[in-house]
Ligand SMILES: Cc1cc2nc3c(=O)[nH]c(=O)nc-3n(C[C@H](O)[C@H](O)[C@H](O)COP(=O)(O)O)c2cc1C
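What follows is a single chain, given as C-alpha cells, in the form predicted on its own.
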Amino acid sequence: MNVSDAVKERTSIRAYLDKPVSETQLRELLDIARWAPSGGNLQPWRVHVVMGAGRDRLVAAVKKAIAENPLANESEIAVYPPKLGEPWRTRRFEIGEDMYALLGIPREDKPARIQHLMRNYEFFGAPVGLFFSVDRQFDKGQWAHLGMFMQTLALAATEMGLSTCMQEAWSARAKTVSAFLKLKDNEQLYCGMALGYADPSADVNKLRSSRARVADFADFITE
C-alpha cells in the first residue's frame, strides 16, 4: 500500500471485531510512528497503551466515574471552540447527522444517541486503546507535533490492515484516565485512540466524511 492509498483509506472506525492485536504488532507500529517529524526533533509525545486486562480495568474505572457523576467534565482543553463559526459548525453537524442516520437513531431519540456516545469509553469494542500526552511546558507547536505522530501511527496501522479511531471524547474524563495511567503532574493528557480490526458488517463503519475542495482552503501566490 502506498502513502496516497493509506491516506484515503484511513477513516474513523467505530465498530471492531473481537480479534486480538498482539503486543508485537503494537511495538512494530510505534517503531514506525516514532519517525514522525517534530520541530527541533523534540519528539514531545508520550504514548500509553492499554490492552488485555489493563484495557478492561480502565474501561471499568471510567464507567464507574461516569455512573457516579454523569455530567462531570474533567477536560483541561476545549475540544471545540465554545462558539464554533462557519463553515466548521456545519461540517461538525453534518458528520454527526450522517453517523446517526447510518445507526438508525433519529434526532429525537436522545437516550440512544447518548448510549452510542458512551461507546467511546469502551473504545468501540477495539481490543487496544492508546492515550497520548505531552509535557505541560509545551505549547501549540509541540501539540502540532503530537498530531503528526498520531497521524503517522494511524497510517502505519492502515498499512498493516488495522483500523483506528482518534477519540477526543476521552478528554472529558482526563482526570480519571490520568489517575489510572499514573501520569506525572507535568504530563497533560490529550486524547485516546481505538485500534483493532474493523467489523465490515457494521453499518457505522460505512461512514465517510466529506472533504472541502482544494480551492476552498488553499491559496496559490504565483507572482
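Every value quoted in this text rests on a predicted model; they were computed, and no experiment measured them. Start at 1 and count along the sequence shown; that's the residue number.
Keep in mind that the form predicted together with the ligand is missing from the display, and what follows is about it.
Chemist: Is it true that 43, 48 and 187, all three, sit within 4.5 Å of the ligand in the model of the complex, judged by heavy atoms?
Modeler: The answer is no: none of the three residues contacts the partner (heavy atom, 4.5 Å cut-off).
Chemist: Could you tell me which one of 166, 26, 36, 174 places a heavy atom within 4.5 Å of the ligand in the model of the complex?
Modeler: By the 4.5 Å criterion, the partner-contacting residue is 166.
Chemist: So the ligand isn't shown here. In the model of the complex, which residue out of 84, 95, 105, 72 has a non-hydrogen atom within 4.5 Å of it?
Modeler: That would be 95.
Chemist: Evaluate residue 211 for contact with the ligand in the model of the complex, applying a 4.5 angstroms cut-off between non-hydrogen atoms, and reply yes or no.
Modeler: The answer is yes: residue 211 has a heavy atom within 4.5 Å of the ligand.
Chemist: Evaluate residue 162 for contact with the ligand in the model of the complex, applying a 4.5 angstroms cut-off between non-hydrogen atoms, and reply yes or no.
Modeler: No.
Chemist: Residue-level question: is residue 124 within 4.5 Å of the ligand in the model of the complex, judged on heavy atoms?
Modeler: Yes, residue 124 sits close enough to the ligand in the model of the complex that at least one of its heavy atoms falls within 4.5 Å.
Chemist: Is residue 191 close to the ligand in the model of the complex, meaning a heavy atom pair under 4.5 Å apart or at it?
Modeler: Contact with the ligand, yes.
Chemist: With the ligand taken in the model of the complex, which residues across 28-53 come within 4.5 angstroms through any non-hydrogen atom?
Modeler: Result: empty, none.
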